[in-house]
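Before any questions on binding or motion, here is one chain by itself as structure tokens, the form predicted alone.
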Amino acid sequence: MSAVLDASNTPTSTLQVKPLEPTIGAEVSGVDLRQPLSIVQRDEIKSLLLKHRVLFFRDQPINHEQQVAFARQFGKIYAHPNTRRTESRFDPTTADSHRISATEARKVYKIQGSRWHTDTSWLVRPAWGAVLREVDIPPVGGDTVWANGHLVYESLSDEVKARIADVYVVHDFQSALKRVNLDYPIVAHPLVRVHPETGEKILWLNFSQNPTVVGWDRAESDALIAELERAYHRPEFHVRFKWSKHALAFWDNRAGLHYAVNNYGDYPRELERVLIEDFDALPHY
């Protein structure tokens, strides 16, 4: 007995995709993030994310619960320990998202500028994805920039690639963790990380967490870190996103770094972030 599939009943995608740069970033439309995704939409968004590394959605008037529900379709949520959490009005015991507040950064953590960084790299198993939603943005300024970590790695000379092939770098978040009384060891990750799904080599470090090369002389380590930071500053590897009302960004935290542009004075810029846990038992190196 055989069956004939009716192609007219096969789900099709409604997504429209606009690449923003040849190397990284795309805007996606044709989907309402307030509603559950179809399997086709979810899989296509994940495929687009692996290709473009960061996706942007505009005109999405979603609330806290809808943002968390969207992120949950891609994995388990990670509750960050050291920022002001957003409690669900349906379940006040949970705090699946948290606020990224310029006011809090300036007053509590004494952070005045920004550095290239990746989220939760202080964990043994960092979050693989992040969903960031506009809450209160300045009328001008406050953009966020993402960089393609694979192309940054490929831009290095063969000599530098050979030097860093087996290097581990410390990610030190202790000063922030102590403020919330979290006892967590200082970790080190390979400087060159192999992306577990694309197989690309990624130059992966956190310039905001006192990176130092394990086993190297301090001066030699500092010189390398400075050279790598200059490589990340090259604009041909970037996409710069201008936030707007009801905008949302979804990025692959394993694929590179990002940078919050602090050019808006004392404005209380605020966004809400949901982190998605790594889905494998062990980190990929």
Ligand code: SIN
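One-based numbering along the sequence shown. None of these values were measured; they are calculated from a predicted model.
One more form of this protein exists, namely the form predicted together with the ligand; it is left out here, but the text below deals with it.
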Exercise. Can you check 23 to 31, 53 to 61, 250 to 258, 40 to 48 and let me know which stretch has heavy atoms within 4.5 Å of the ligand in the predicted complex?
Key: 250 to 258
Quiz item: Which of these residues, Val169, Ala147, Ile202, Leu132, gets a heavy atom within 4.5 Å of the ligand in the predicted complex?
Solution: Leu132
Quiz item: Considering Ile100, Ala71, Val213, Leu151, which brings a non-hydrogen atom within 4.5 Å of the ligand in the predicted complex?
Solution: Ile100
Quiz item: Is there a heavy atom of Ile276 no more than 4.5 Å from a heavy atom of the ligand in the predicted complex?
Solution: no
Exercise. Spell out, yes or no, whether the shortest heavy atom distance between His117 and the ligand in the predicted complex is within 4.5 Å.
Key: yes
